[in-house]
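So this first bit is one chain, no partners, the form predicted on its own, shown in C-alpha coordinates.
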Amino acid sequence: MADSQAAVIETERLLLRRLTPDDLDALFALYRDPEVRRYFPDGTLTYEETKAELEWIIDVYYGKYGWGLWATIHKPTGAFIGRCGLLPWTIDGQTEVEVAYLIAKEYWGQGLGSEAAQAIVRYGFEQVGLSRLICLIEEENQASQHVAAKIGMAFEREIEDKYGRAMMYSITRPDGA
(Lines give C-alpha, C1' and ligand atoms only; values in the text may rest on other atoms or scores of the structure.)
Protein backbone atom coordinates (compact mmCIF):
# COMPACT_ATOMS: atom_id res chain seq x y z
CA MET A 1 0.00 0.00 0.00
CA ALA A 2 1.14 3.56 -0.67
CA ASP A 3 2.77 5.69 1.98
CA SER A 4 0.13 6.80 4.50
CA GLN A 5 1.38 10.40 4.20
CA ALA A 6 0.78 10.47 0.45
CA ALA A 7 -2.15 12.49 -0.79
CA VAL A 8 -5.36 10.68 -1.53
CA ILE A 9 -6.73 13.95 -2.92
CA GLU A 10 -4.98 17.23 -3.60
CA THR A 11 -6.72 20.52 -4.38
CA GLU A 12 -5.42 24.03 -4.84
CA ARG A 13 -5.21 24.64 -1.07
CA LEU A 14 -5.73 21.25 0.54
CA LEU A 15 -4.10 17.86 0.85
CA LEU A 16 -6.34 15.01 1.99
CA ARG A 17 -4.42 11.98 3.21
CA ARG A 18 -5.11 8.92 5.30
CA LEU A 19 -5.30 9.52 9.02
CA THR A 20 -2.59 7.90 11.13
CA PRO A 21 -2.22 7.36 14.89
CA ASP A 22 0.08 10.40 14.87
CA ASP A 23 -2.98 12.57 14.07
CA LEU A 24 -4.67 11.81 17.40
CA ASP A 25 -3.77 15.06 19.18
CA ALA A 26 -4.77 17.25 16.21
CA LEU A 27 -8.02 15.30 15.74
CA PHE A 28 -8.80 15.59 19.44
CA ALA A 29 -8.27 19.38 19.32
CA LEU A 30 -10.92 19.47 16.57
CA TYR A 31 -13.33 17.07 18.30
CA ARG A 32 -13.24 18.76 21.71
CA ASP A 33 -14.29 22.14 20.26
CA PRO A 34 -18.01 22.65 20.99
CA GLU A 35 -18.47 25.05 18.05
CA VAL A 36 -16.92 22.62 15.57
CA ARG A 37 -18.99 19.73 16.98
CA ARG A 38 -22.19 21.78 17.41
CA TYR A 39 -24.23 19.77 14.90
CA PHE A 40 -22.98 16.31 15.88
CA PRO A 41 -25.50 14.26 17.89
CA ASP A 42 -22.76 13.03 20.24
CA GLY A 43 -21.28 16.51 20.76
CA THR A 44 -17.65 16.89 21.72
CA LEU A 45 -15.51 13.81 22.22
CA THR A 46 -13.03 12.90 24.93
CA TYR A 47 -9.46 11.93 24.13
CA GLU A 48 -10.34 8.24 24.53
CA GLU A 49 -13.44 8.55 22.33
CA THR A 50 -11.38 10.33 19.68
CA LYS A 51 -8.72 7.59 19.87
CA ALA A 52 -11.39 4.90 19.45
CA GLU A 53 -12.88 6.70 16.43
CA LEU A 54 -9.44 7.14 14.86
CA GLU A 55 -8.70 3.42 15.32
CA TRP A 56 -12.10 2.58 13.78
CA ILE A 57 -11.37 4.78 10.75
CA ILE A 58 -7.97 3.15 10.22
CA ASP A 59 -8.98 -0.46 10.95
CA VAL A 60 -12.50 -0.61 9.52
CA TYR A 61 -12.94 2.09 6.88
CA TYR A 62 -9.49 1.79 5.32
CA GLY A 63 -9.41 -1.98 5.83
CA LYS A 64 -12.89 -2.74 4.49
CA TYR A 65 -13.44 0.01 1.93
CA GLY A 66 -10.01 1.43 1.15
CA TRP A 67 -11.41 4.89 1.89
CA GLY A 68 -13.06 6.75 4.76
CA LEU A 69 -12.25 9.97 6.56
CA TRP A 70 -8.98 11.67 5.74
CA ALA A 71 -6.75 14.22 7.45
CA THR A 72 -7.30 17.62 5.86
CA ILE A 73 -4.05 19.56 5.56
CA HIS A 74 -3.85 23.25 4.65
CA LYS A 75 -1.13 23.27 1.98
CA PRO A 76 0.06 26.88 2.51
CA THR A 77 0.77 26.25 6.22
CA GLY A 78 1.03 22.46 6.52
CA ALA A 79 -1.53 22.62 9.36
CA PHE A 80 -3.99 19.82 10.16
CA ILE A 81 -7.28 21.73 9.80
CA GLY A 82 -9.92 19.02 9.67
CA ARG A 83 -11.09 15.63 8.59
CA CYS A 84 -13.09 15.07 5.44
CA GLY A 85 -13.96 12.10 3.28
CA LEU A 86 -16.47 9.39 2.52
CA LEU A 87 -18.62 7.68 5.15
CA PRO A 88 -20.74 4.58 4.50
CA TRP A 89 -24.22 4.51 6.09
CA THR A 90 -27.22 2.21 6.00
CA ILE A 91 -30.37 4.29 5.63
CA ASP A 92 -33.74 2.57 5.38
CA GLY A 93 -31.94 -0.68 4.54
CA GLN A 94 -29.97 0.87 1.67
CA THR A 95 -26.23 1.55 1.62
CA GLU A 96 -25.44 5.21 1.09
CA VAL A 97 -22.09 7.03 1.08
CA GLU A 98 -21.87 10.45 2.66
CA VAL A 99 -19.55 13.27 1.71
CA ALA A 100 -18.34 14.41 5.14
CA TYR A 101 -16.42 17.59 5.92
CA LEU A 102 -15.29 19.11 9.21
CA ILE A 103 -12.96 22.10 9.25
CA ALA A 104 -11.40 23.87 12.26
CA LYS A 105 -13.24 27.10 13.03
CA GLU A 106 -10.24 29.37 12.40
CA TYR A 107 -10.46 28.23 8.76
CA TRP A 108 -14.23 28.77 8.37
CA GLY A 109 -15.51 31.22 5.77
CA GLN A 110 -12.65 30.63 3.31
CA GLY A 111 -14.40 28.11 1.04
CA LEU A 112 -12.20 25.25 2.25
CA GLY A 113 -15.17 23.02 3.16
CA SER A 114 -16.58 23.46 -0.34
CA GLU A 115 -13.16 22.87 -1.89
CA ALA A 116 -12.73 19.63 0.06
CA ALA A 117 -16.31 18.47 -0.56
CA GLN A 118 -16.11 19.06 -4.31
CA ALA A 119 -12.88 17.06 -4.50
CA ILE A 120 -14.45 14.25 -2.44
CA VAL A 121 -17.46 14.10 -4.79
CA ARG A 122 -15.12 13.83 -7.77
CA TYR A 123 -13.10 11.12 -6.00
CA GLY A 124 -16.26 9.18 -5.05
CA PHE A 125 -17.54 9.19 -8.62
CA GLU A 126 -14.28 8.86 -10.57
CA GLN A 127 -12.02 6.78 -8.32
CA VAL A 128 -14.44 4.71 -6.21
CA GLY A 129 -17.05 4.40 -8.96
CA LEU A 130 -20.02 5.36 -6.82
CA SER A 131 -23.17 6.38 -8.67
CA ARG A 132 -24.69 8.48 -5.86
CA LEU A 133 -23.46 10.46 -2.87
CA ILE A 134 -25.29 12.10 0.01
CA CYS A 135 -24.83 14.61 2.81
CA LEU A 136 -26.69 14.30 6.12
CA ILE A 137 -27.16 17.73 7.63
CA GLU A 138 -29.00 19.06 10.68
CA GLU A 139 -31.72 21.52 9.75
CA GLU A 140 -30.06 24.39 11.63
CA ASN A 141 -26.68 23.89 9.95
CA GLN A 142 -26.91 26.55 7.25
CA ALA A 143 -23.19 26.48 6.44
CA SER A 144 -23.24 22.78 5.56
CA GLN A 145 -26.43 23.19 3.56
CA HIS A 146 -24.66 25.92 1.58
CA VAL A 147 -21.69 23.60 0.94
CA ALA A 148 -24.01 20.78 -0.21
CA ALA A 149 -25.77 23.12 -2.65
CA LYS A 150 -22.47 24.54 -3.89
CA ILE A 151 -21.21 21.06 -4.81
CA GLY A 152 -24.37 20.27 -6.76
CA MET A 153 -26.42 18.42 -4.18
CA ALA A 154 -30.15 18.96 -3.79
CA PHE A 155 -32.39 18.39 -0.78
CA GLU A 156 -33.97 14.96 -1.14
CA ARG A 157 -35.83 14.22 2.09
CA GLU A 158 -35.72 14.25 5.85
CA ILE A 159 -34.58 11.10 7.61
CA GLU A 160 -34.61 9.90 11.19
CA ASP A 161 -32.27 7.29 12.63
CA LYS A 162 -30.70 6.41 15.96
CA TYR A 163 -28.76 9.71 15.85
CA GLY A 164 -31.89 11.81 15.35
CA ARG A 165 -33.31 13.78 12.44
CA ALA A 166 -31.31 15.01 9.49
CA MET A 167 -31.88 16.49 6.08
CA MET A 168 -30.56 14.29 3.29
CA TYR A 169 -29.01 15.99 0.28
CA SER A 170 -27.90 13.93 -2.72
CA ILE A 171 -26.14 14.03 -6.04
CA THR A 172 -26.05 11.40 -8.76
CA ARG A 173 -23.03 10.81 -10.96
CA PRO A 174 -23.47 13.04 -14.03
CA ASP A 175 -23.18 10.18 -16.51
CA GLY A 176 -26.20 8.57 -14.83
CA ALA A 177 -24.42 5.25 -14.27
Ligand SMILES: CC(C)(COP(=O)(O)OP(=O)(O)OC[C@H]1O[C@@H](n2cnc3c(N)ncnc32)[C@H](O)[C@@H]1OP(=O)(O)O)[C@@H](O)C(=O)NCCC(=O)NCCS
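Residue numbers here begin at 1 and follow the sequence given. Please read these numbers as outputs of a predicted model, since none were measured by experiment.
Omitted here: the form predicted together with the ligand. The next part is about that form.
Candidate site formed by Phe40, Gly113 and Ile137: every one of these residues places a non-hydrogen atom within 4.5 angstroms of the ligand in the model of the complex. Using a 4.5 angstroms threshold between heavy atoms, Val147 counts as touching the ligand in the model of the complex.
Using a 4.5 angstroms limit between non-hydrogen atoms, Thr46 is distant from the ligand in the model of the complex. None of the heavy atoms of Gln127 is located within 4.5 Å of the ligand in the model of the complex.
Though the partner is left out of this view, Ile103 does reach within 4.5 Å of the ligand in the model of the complex, counting heavy atoms only. The partner is absent here, but in the model of the complex a heavy atom of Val36, alone among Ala119, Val36, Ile57, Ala26, sits within 4.5 Å of the ligand. This chain is displayed without the ligand, yet in the model of the complex the stretch 137-145 from 119-127, 48-56, 65-73, 137-145 comes within 4.5 Å of it by heavy atoms. No residues of 61-95 lie near the ligand in the model of the complex, the criterion being any heavy atom within 4.5 Å.
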